Each structure stands twice: as structure tokens, then as C-alpha cells.
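Before any questions on binding or motion, here is one chain by itself as C-alpha cells, the form predicted on its own.
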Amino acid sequence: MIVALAGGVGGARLAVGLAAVLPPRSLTVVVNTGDDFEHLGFAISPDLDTVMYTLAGVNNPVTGWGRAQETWSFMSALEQLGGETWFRLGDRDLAVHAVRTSALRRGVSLSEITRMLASRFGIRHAVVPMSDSAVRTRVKTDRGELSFQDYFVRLRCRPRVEGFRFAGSRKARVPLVLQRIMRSGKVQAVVICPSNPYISIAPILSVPAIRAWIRKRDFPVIAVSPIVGGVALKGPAAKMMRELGSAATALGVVRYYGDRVDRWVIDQQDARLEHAIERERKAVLVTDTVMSSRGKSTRLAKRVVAFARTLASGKQ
């Protein structure tokens, strides 16, 4: 069993590769829900949907998020009526939100809803939210504390970031399926996908049970750097790092995670940082990490899985 921690486009792309390499019973993808919010009466889980759509092959290939062949009749009608349109909901995407919202109101857990939706999209690997209760990312900025979607979508990441808070994390309810995996003793490795460290992975690690499990681990944690050549391929990770006083490099990400990660995978563009990362007492795999196609996602996943299995077997 390999457990992948994921969020955003980078996490979804590596999840696709891992799913191509590993059989369903050997992979669980744990997804960030700190981005979740309610909008226009709908329960929206952006990262869960990005991972799910990408695994199903129905994501928008241009943006990396949202649905392919999307239509926008609902948003056009809403705009004509003077409704809120800053967070755009496509018609196909809206159907998923409607099903999720209806099930939540009937008392169905988010993890069970996600399992059901994934099954209907033909996804055989387990996709699990990090929490069945609400955990919400709050962004501390020079304009005050903002809800994540206000910062990320409405304000387009323009405010200067000063920190983060994960409201509800202390009382987060880890889904039963994930609890069983954490108690099983069968996890061979945890893979941290090339997702934003602050807003995709930190919310997952803020859940006390998950954080304690990682801290007491008897398996290696391998992370793929989301920073390549000093930039984030998607999203504001590099901007956030600079604003928080960290170098926007693969080495900066290594130092941010510290002892929570045992081994690192970095892009060949950052090969010059290999020895500096080794001086942080981390083994390093240098390879092509830019997943511009499903084939490249699979090739990267093969390298990551082989790296993980070598480490798990005690071979350095």
C-alpha cells in the first residue's frame, strides 16, 4: 500500500501516474479539503473534484481543473440575473456539486459521497478526503485574514501572504477507511505529491491523527518538489514562499518540510541543488518531474514507486 497526499493540479497529475502503476488495492489518494466551501447553496470540494476528474480523464486539459467540454449556461443566466459570478461553476461541474450537496444534507459522509462519485466516474482506486468534518484554510494577509477562495479566486492571490490557519483541524474526523489504513501496518510508503506545501499539503498534515501517524511512521515519506527551476508550474506556491521569507527553490521546499519528509524527488532542472539537499540529510532522486502528459505522469510515478520500494526494503 502506498498512500499519496494530494491537492491541486500537480497532485492530481501524479495521482494519475500512480494509478497507472499500482493496482487499486495498493494505492489510496488522500486529498486536501481545506479549499472546500459553500457557494450559491452548493457544497464545493475543488481539490477532490480536480483529483477525481483527472483520474477519470474528464478534466479540462488546458486549465488542469474543471470538466472537459464544459458549458456555461448556468453562469450566463446567473450573470443576467445579477448573481455572483466570481467563482465560475460549469454546467457539468454543477451536477457533481448538486449530488454532493444533496447527499451531505441527508447525513451521508463526505468520504462516502466521494467513494460513490468516484465509482460513477469509473475510478477504481481509493480517493479519500482528509476529513469528514469541515476544515477550512484561512489565509493571513496584509489585507487581514481571508477565506481561501476569497484569496485564491476572488482576489486572484494578489494580497501578500503572512501565514495560514486551518479552522476546524483540531476536531477533524478522519474517515474510517483512512483510519483503518493508518492502523493496518501495511503502508509501504507515503508519497507527498508536487502540490502547494502551504495550501494543499499543510491542511492534511494539520489533522492531528494524520500528523501523529506521519510523526511515528515506520515507513519512508517521499516528496516530489512542486518547485521546478525556481517557479511553480501551477498556482501561487513560489509567490507564497517568497512572501513568507523562504527561497522559492526545491531546497526551500525541502527545508519547509524538514523531518516530515525522508527522501526527495526533484526535477533535472534543479540537479545543481542535489548536493545541498543531501547536506540536509536527505537522499535525492533527480528526474523529469514535469507532467505535461499522462505518459509523463506514469513515467514519473514509476520512478517514485521504485524509489519508495527501495527505501522501504532498507536499501539506500
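Numbering starts at 1 and runs along the sequence shown. Given the structure is predicted, the values throughout are model-derived calculations rather than measurements.
Not on display, but discussed next: the form predicted together with a small molecule.
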| property | result |
| --- | --- |
| In the model of the complex, residue 9 touching the small molecule (heavy atom, 4.5 Å) | yes |
| Residue 97 within 4.5 Å of the small molecule in the model of the complex, heavy atoms | no |
| 4.5 Å heavy atom contact, residue 228 to the small molecule in the model of the complex | yes |
| Residue 33 within 4.5 Å of the small molecule in the model of the complex, heavy atoms | no |
| Answer range among 84-92, 228-236, 119-127, 161-169 for contact with the small molecule, defined in the model of the complex as heavy atoms within 4.5 Å | 228-236 |
| Partner-contacting position among 291, 55, 284, 251 - heavy atom within 4.5 Å of the small molecule in the model of the complex | 291 |
